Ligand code: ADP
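Next up: a single chain in structure tokens, the form predicted alone.
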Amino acid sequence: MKDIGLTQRQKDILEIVKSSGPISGEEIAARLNVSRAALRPCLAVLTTSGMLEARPRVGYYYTGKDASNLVVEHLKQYQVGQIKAVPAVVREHTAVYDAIVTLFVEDVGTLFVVDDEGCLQGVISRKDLLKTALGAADLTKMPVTVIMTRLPHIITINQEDNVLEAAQKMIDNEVDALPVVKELPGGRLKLIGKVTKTTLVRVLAGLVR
């Protein structure tokens, strides 16, 4: 995937092609007072990114796609499986106290509850743990199953889905993390990763810097 950040020269080329295209590389070079060879790297970036297209004996022309369009298109090319991270997990019998310790040790905002075969059973947010900790219950004796969100009320994502779909699910459902799952025979969901808002921000930052 190509970086879509533009240099000043690339921006100048785009403006020339927008106003005068189709236009040859020689004409662009003349307007910028540089050699044709000096333009080749910039033209390669702009055509590879999809902002410009070139036709033999016709020249370069503007496709109508700007940087924001291309960010969206590039994000659609990323599958969740390419960016998923290792989830922090606890077992169903784990005490709430131990879950809180795990949350801080792992430095995460969400814990995923799995059974002995690694299949998803529930999700616990930082808010869930905070609300429970403020109560009068004995956290060392209370299992996480009491406070977790259970299936089918958990929003999941598949590793074949694209990053935009993951982002939309987080926005629509107001969650900070999605478990990445693989469906097994019988409808059980094997937990194979996670995607968080932080993950998505890192992907976006990598595209635009």
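Don't overthink the numbering: it's just position in the shown sequence, from 1. Remember, it's a predicted structure, so these values are computed and weren't measured experimentally.
Separately, the form predicted in complex with the named molecule exists; it is not shown, and the next lines address it.
*Asks:* Could you tell me which one of V181, V163, C42, I154 places a heavy atom within 4.5 Å of the named molecule in the predicted bound form?
*Replies:* Filtering the options by heavy-atom distance leaves I154.
*Asks:* Considering T63, T149, Q168, T47, which brings a non-hydrogen atom within 4.5 Å of the named molecule in the predicted bound form?
*Replies:* In short, T149.
*Asks:* At 4.5 Å between heavy atoms, is S125 in contact with the named molecule in the predicted bound form?
*Replies:* S125: contacts the named molecule in the predicted bound form.
*Asks:* Should E174 be counted as a contact of the named molecule in the predicted bound form, where contact means heavy atoms within 4.5 Å?
*Replies:* So E174 counts as contacting the named molecule.
*Asks:* Determine which one of 154 to 162, 138 to 146, 31 to 39, 52 to 60 lies within 4.5 Å of the named molecule in the predicted bound form, judging by heavy atom distances; exactly one does.
*Replies:* Looking at the other structure, the answer is 154 to 162.
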